[in-house]
Ligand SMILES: NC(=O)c1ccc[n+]([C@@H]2O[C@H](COP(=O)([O-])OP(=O)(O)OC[C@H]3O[C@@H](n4cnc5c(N)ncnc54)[C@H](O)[C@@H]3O)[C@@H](O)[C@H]2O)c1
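So this first bit is one chain, no partners, the form predicted on its own, shown in structure tokens.
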Amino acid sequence: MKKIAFLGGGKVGQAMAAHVLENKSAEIAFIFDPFRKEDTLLGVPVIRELNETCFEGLDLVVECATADVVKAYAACALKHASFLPFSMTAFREDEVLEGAKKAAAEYGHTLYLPHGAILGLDGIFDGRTIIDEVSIETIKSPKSLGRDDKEYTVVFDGTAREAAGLYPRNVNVHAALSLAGIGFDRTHSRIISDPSVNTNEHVIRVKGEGIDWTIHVTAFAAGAVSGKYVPYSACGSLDRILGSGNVSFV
């Protein structure tokens, strides 16, 4: 049985941890959460400080905290285990991505990139050599974006690299799309604050040699950063990595 750890004990982290425990698909060594007062979460030990020795003996480290956690620990974790990050806006900084890729290659581990809140990243990744244009428009409530807009407002319009720097908790979808496709600088991002919605909505448009795709995803959010679909998506990604389940789409 594989031994794993979670960096982050919020909604998505708890959903994945509960899923693993219910299915007995791995042993959870610990959950890192510096803000949690309890010493356990779902019966799993909680630690509030991290150092490299914490990663020794693990097979997989799952990050579901913040981009700063990815920046601080991705390369270190990959020396000892494979790494599944959900805060992919951290990779807007080329040195963070290159450091993680270098550690994965040097130590024989895998850097996994989950699809998170959207669909179709596998197709975009497969077709990236013939893709010329990629854009993504995200529409969220002001509360989801940490704002108090009273009317429909275009919050940002520019590159995905800029968007990931300005809204690191809200545009992990933009980062994932950039990593799967044609990069942070060639991916066009647009963020809209709309007080009339209680959903997180993403519209992706991809054009290239003989292809023209539109991917439209909407999930209930009620002011949360992540929509209702994300925990299910996260658990599915984890299942495929752990090899649990009888059917897997590839």
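Just so it is clear, the model here is predicted, and its values are computed rather than measured. Counting begins at 1, following the sequence as shown.
The same protein has a further form, the form predicted together with the ligand, not shown here; the description that follows concerns it.
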query: Which one of these stretches, 154-162, 169-177, 125-133, 103-111, sits within 4.5 Å of the ligand in the predicted complex when only heavy atoms are counted?
result: 169-177
Answer option from Pro45, Gly57, Gly183, Pro34, heavy atom within 4.5 Å of the ligand in the predicted complex: Pro34
message: in the predicted complex, does Lys11 come within 4.5 Å of the ligand, counting heavy atoms only?
response: yes
Any non-hydrogen atom of Val20 within 4.5 angstroms of the ligand in the predicted complex: no
query: Within a 4.5 Å heavy atom cut-off, is Leu145 in contact with the ligand in the predicted complex?
result: no
- request: May I ask you to check whether Val230 falls inside a 4.5 Å heavy atom distance of the ligand in the predicted complex?
  value: yes
message: Is it true that Val69, Ala117 and Ser226, all three, sit within 4.5 Å of the ligand in the predicted complex, judged by heavy atoms?
response: yes
task: Go through 82-105 residue by residue and record those having a heavy atom within 4.5 Å of the ligand in the predicted complex; state none if no residue qualifies.
output: Phe86, Ser87, Met88
